[in-house]
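Before any questions on binding or motion, here is one chain by itself as structure tokens, the form predicted on its own.
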């Protein structure tokens, strides 16, 4: 892909696609690593004396976080250290007027792409009114939104078909680092999978095992518990809870994986729960049915023995991929597992690729230097898609 080094942006109007999609709590958009990462691309374009017109999305229609980008403009301004003006229009006359008036070295953010049905059409993306009007108002397109590169949507694949197009710095770094982790795997390759959302993890687990990508997969969190159920283990009340959450729908395929690839899977052998005083109590797996028989006594972390098993595997690894914490690390009684594993990763000598989100929050909480991690991705679905060997339409169209 061509990048920001391959074009003279001086006095050019740059249409810049970012991914500013963020958590929204009680109507307030939360600051996060995406603003910090994308601000570097914005600052570089402004320094190159470009007029920067930013487009981005937030949430999905019908969801609580489906809100305007007005707050995003304020947060982005803080990171860019220069005002990013918000325009409550995308490709109407108001937006085109503001674009025409925008001076070099200035930036504005247009309204939420997903407020407009043209973002989600299924074909002929380059023929939409949105692409037609914005491409004529701007000189060049820069896509920095690697985290949505796996989606076939108008703002991702439409503009590169009608405009000179380049990868922003986030797009460039993410693709290069993940490509390196995939194409130049040094073994042993250890995956550390955890967290509370199993769907993407199940997809990645299936691919890694069937393709022989990983040598060891250390499983904790919900995916670890599901694999134990697939082995026929009794997790006490947690077994019922997993079923209530709808997670046990994956059990048939997980049973097949456990039977076929048991030598590659490292599963928890002990867990931590709280006693009546809220103090951490560690128990062996076989003890769970008798001691974790109510919702309040469900385990919230791996135990010390499991943490030691994980540490041993990580220290031998030359490539590590980490996705998701080992327990409810926000609670003091359940922080040991995640803290221990992250400290192990920080001290290993291999290439470390890490997903963002909760993983990044945990790094900060336990004062683990980000410099110890080779690459921290701010992508979710696009990262998983690449690791699963899938093509990324947003990358292909730039190439």
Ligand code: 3PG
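Residue numbers count along the first chain shown, from 1. Bear in mind the structure is a predicted one, so any value in this text is a computation, not a measurement.
Just so it is clear, the following notes concern the form predicted together with the ligand, a form of the same protein that is not shown.
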Among 349, 60, 47, 370, just one has a heavy atom within 4.5 Å of the ligand in the predicted complex, namely 60
Only hit among 319, 147, 154, 112 for heavy atom within 4.5 Å of the ligand in the predicted complex is 147
request  = Tell me, yes or no, whether residue 34 is in contact with the ligand in the predicted complex, where a contact means a heavy atom of each within 4.5 Å.
outcome  = yes
Among 357-365, 338-346, 52-60, 35-43, the stretch whose residues bring a heavy atom within 4.5 Å of the ligand in the predicted complex is 52-60
Within 363-388, the residues having any heavy atom within 4.5 Å of the ligand in the predicted complex are 380, 381
